[in-house]
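Take a look at this single chain, the form predicted alone, given in structure tokens.
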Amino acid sequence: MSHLVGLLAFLLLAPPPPPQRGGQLHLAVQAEPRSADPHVAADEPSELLAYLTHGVLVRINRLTQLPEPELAQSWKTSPDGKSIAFIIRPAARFSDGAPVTSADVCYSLARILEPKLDSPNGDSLRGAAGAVRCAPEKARVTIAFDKPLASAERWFDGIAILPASGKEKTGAGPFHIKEWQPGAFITLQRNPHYWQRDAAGAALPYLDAVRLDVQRNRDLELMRFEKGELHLVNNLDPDSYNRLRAKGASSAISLGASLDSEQMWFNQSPAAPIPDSKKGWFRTTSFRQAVSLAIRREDLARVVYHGHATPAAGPISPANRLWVNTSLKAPTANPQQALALLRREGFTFSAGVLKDPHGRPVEFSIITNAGNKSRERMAAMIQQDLAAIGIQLRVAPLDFPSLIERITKTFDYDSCLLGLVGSDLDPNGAMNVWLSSAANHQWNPNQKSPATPWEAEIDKLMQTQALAMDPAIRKRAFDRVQAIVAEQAPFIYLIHRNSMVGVSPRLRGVQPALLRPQLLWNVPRLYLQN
């Protein structure tokens, strides 16, 4: 008996086995990354590729949501918020072995701030900080702004540091691109010069490689996950989540309400090749409000998401407890009130058909990404809701690259149904959406000057919150932004879906988080258990 007790004590006190090294992590992306350039990454696959292959000075810990040192081992912000100084980590290396220097930081900063590059992060920083100056020293770099920046260090989570030499495909992240077969897969190989080490002093990452398969069909993705061919799956739709749970699969995990929103918007761009009559409708606040009032958000959450979602009141999810404007309430569907708003603008409703003041029937199309079951079902239900107020809606699913091309370059669309993912809790993370000059100001991007008084007010409020050192001032300003957006409805927010993911039992070290990349934010410490 004493030998048995001794054995049990040994087993209980013995440290867990060390993480296994090597192996290749397999996952799928629903579209091919549009660019390997991290400074222009605007779509989710490109952002994921940038996260895995490039380093930043400061990284927001996706679990604690607090800034942590990465390529910079420390930083200090001036009391007036107009400058921040970083000390470069001595061990920081690019994938070719070259050290990361202050000159690389200044080169990267100048590059994203170049207007011709049209970098989302550069547009945001320039809009908030004005002119930015970078002073390199040996192991120190000081960055100064025209205006004070609140939480200045958080801005640098999105600015990849590239070598000043201009070498392509060279980054300071845990992996680097080994092979890219267009339309098929991307293989990433372990960066042998990566700076991070684990508690035992062993070099990270544990994995030898990561393979990203371009898999647009979510059903095939789930099938491959169930077979063990893929090790994780992000953004499970409700059907897939319920299917895994029904099989008793412990690999299906719900994190509760996500930071993401599902929304629709109307194309108000002057460059849009659509009839002026439609532009007139779309630019009318009452028209947008009426469409919003016609949509039954509760049904979208209940029917499409099987209860794994909540109706949206505005741009910020209730999961973001620090910044959500709690005074806003999700609109309750009211077709009669919607028609009353339209009649005040001269629209008429007769025999089930809505006509504008010039007698033209109101009809338009909505684009969304083909293959996304939830969005296709939402579009079909919205189609029925709008038919109740006499609007004929045509649903036009597109492959994801074509959809992105239309909403960012050709502007050849009427309206769009898409999701906006939460990349940061702080309002500064959304500057590239709310500033009228920003490329991601989707309903009317890249404005030289605000097209409307309310957009001008949002510009001022976003700059106010970005410059204020007092958190209470920032909160008041951003609450007002949310109230304006709810009133003007440039985005018609529909639901906040729950965050649901799938993780293979073989994959260890995973700590699911609400911020993207939800399952890969700590990829250097992930490993496969045989």
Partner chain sequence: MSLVWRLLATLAAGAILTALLVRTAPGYGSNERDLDIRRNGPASSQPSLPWWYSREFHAPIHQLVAQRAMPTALAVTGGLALAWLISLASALASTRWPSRTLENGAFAGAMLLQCLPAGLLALLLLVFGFRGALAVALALALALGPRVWQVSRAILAHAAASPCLLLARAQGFGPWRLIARRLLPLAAPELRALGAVSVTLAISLAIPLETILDVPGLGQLAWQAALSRDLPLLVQLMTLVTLVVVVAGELARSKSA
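Model, not experiment: these values are computed from the prediction. Residue numbers count along the first chain shown, from 1.
Although not depicted, the form predicted in complex with its partner chain is the subject of the following passage.
- This chain appears without its partner; in the predicted complex, the one residue of 433, 113, 160, 129 with a heavy atom within 4.5 Å of its partner chain is 433.
- Only one of 331, 205, 120, 148 lies close to its partner chain in the predicted complex, with a heavy atom inside 4.5 Å, and it is 120.
- Per the 4.5 Å heavy atom criterion, its partner chain in the predicted complex is contacted by stretch 40-48, the sole one of 459-467, 495-503, 53-61, 40-48.
- Within 4.5 Å of its partner chain in the predicted complex, a heavy atom is found for none of 285, 455 and 473.
- Using a 4.5 Å cutoff between non-hydrogen atoms, residue 390 does not count as a contact of its partner chain in the predicted complex.
- Heavy atoms of residue 85 never reach within 4.5 Å of its partner chain in the predicted complex, leaving it off the interface.
- When contacts are judged by a 4.5 Å heavy atom cut-off, residue 34 counts as touching its partner chain in the predicted complex.
- The closest heavy atom approach of residue 124 to its partner chain in the predicted complex falls within 4.5 Å.
- Scanning 213-241 for heavy atoms within 4.5 Å of its partner chain in the predicted complex gives 215, 216, 217, 220, 223 in sequence order.
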